[in-house]
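Have a look below at one chain only, the form predicted on its own, in structure tokens format.
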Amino acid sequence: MSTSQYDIVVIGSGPAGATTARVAAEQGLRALLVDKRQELGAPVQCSGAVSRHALEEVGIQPADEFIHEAIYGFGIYDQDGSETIIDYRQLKPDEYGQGANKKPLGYVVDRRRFDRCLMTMAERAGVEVWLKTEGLGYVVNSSGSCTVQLRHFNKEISVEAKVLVGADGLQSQVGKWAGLHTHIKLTELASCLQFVVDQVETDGLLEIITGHEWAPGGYAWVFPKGYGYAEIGLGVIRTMTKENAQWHLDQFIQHSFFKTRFKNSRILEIQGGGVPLAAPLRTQYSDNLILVGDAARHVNPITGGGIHTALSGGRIAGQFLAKLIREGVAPTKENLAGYQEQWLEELGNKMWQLYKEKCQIFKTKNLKRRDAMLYQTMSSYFSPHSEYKKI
């Protein structure tokens, strides 16, 4: 059994893990990034929407390589079709648009190509990358480091690191190794399904459709995907409905106020998965270990958006670990608590505030009142004056 030494080992190569490893390597740390998958970004489990600001904040240049479609605003609808349109091409025509010296608000990205781009950036920063590598466990050593057990191409390997970073997604196994509570309640897990379709017209807006009739506990969406394609999807909380996500998506396509718009659509691809609409983990660290991204529930608890928060959380984690290790601070639980404190200050406190708003909405028993509250909250969230722009 061979042993190698790293400053950090990151398990999970999605946006949070790849960004953590890259930022740490850019600041001089020796980083190993591993993932059990052999194909990055697969299976696709999200719509791929991300703001331009989120990319720029972590040094990612938008590129045709991974961008499906530019986004210029939002359309928010209640279940009967009343709408709030927030189109930055109209709000700030000198700044947003397709002309010279103008820019989009955000993008819908190809997750496979986007994740591949993030890994390439990490490798070019000096990160060592192993695919088809499964994490088996970790042990804290008396020397102040930890030993991480991995299975790399069916060969068990131990590597030594100062800090292990769990970026291994929802219900993180890495977190469980440290005794962290990563279980999520069924009442806070959205069952999501989306169809990639042809022959549905879009106009550069992310369209959000609220209302219990179409998506109990969540919402439906229509997102541009470029080249004449669109994503039609929804997320539901299974404890709020007797039917599954596919039944609700079929109902939305066939019977909603968008049914005429959808009548000629052809399904080209089906994608789905679970998305947490939960509070961030209360404890995201232990001795020689931190969690980031979905593993720490760095997911917007009302929209389910996770790319922006994963990138931002990865930046915070990479910068924090680089400073801690460069200064020779022992990576004990007490010292790693500073990572969560920094994350709370930059992002987490707002996420907790959003979570409390979400709980207030869905504790409302009157469905008509609940639907009105969700529609209003979504409309306010995407407003140019929203206090939640960073998440």
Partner chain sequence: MPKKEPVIFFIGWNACINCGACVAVCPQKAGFISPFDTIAVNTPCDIACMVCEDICPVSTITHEPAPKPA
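Nothing here was measured: the structure is a model prediction, and the numbers come from that model. Numbering follows the first chain given and starts at 1.
Just so it is clear, the following notes concern the form predicted together with the partner chain, a form of the same protein that is not shown.
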Non-hydrogen atom within 4.5 angstroms of the partner chain in the predicted bound form for each of Trp177, Ile184 and Gly274: yes
Would Val148 sit within 4.5 Å of the partner chain in the predicted bound form, counting heavy atoms only? no
State yes or no: in the predicted bound form, is some non-hydrogen atom of Ile270 no more than 4.5 angstroms from a non-hydrogen atom of the partner chain? yes
Exercise: Ser256 in contact with the partner chain in the predicted bound form, heavy atom 4.5 Å: no
Within 4.5 Å, heavy atoms only: does Ser82 come near the partner chain in the predicted bound form? no
Stretch from 190-198, 257-265, 102-110, 280-288 whose residues place a heavy atom within 4.5 Å of the partner chain in the predicted bound form: 190-198
So the partner chain isn't shown here. In the predicted bound form, which residue out of Gln98, Asn141, Asn244, Gln90 has a non-hydrogen atom within 4.5 Å of it? Asn244
Picking from Thr120, Gln171, Ser158, Gln251, the single residue whose non-hydrogen atoms come within 4.5 angstroms of the partner chain in the predicted bound form is Gln171
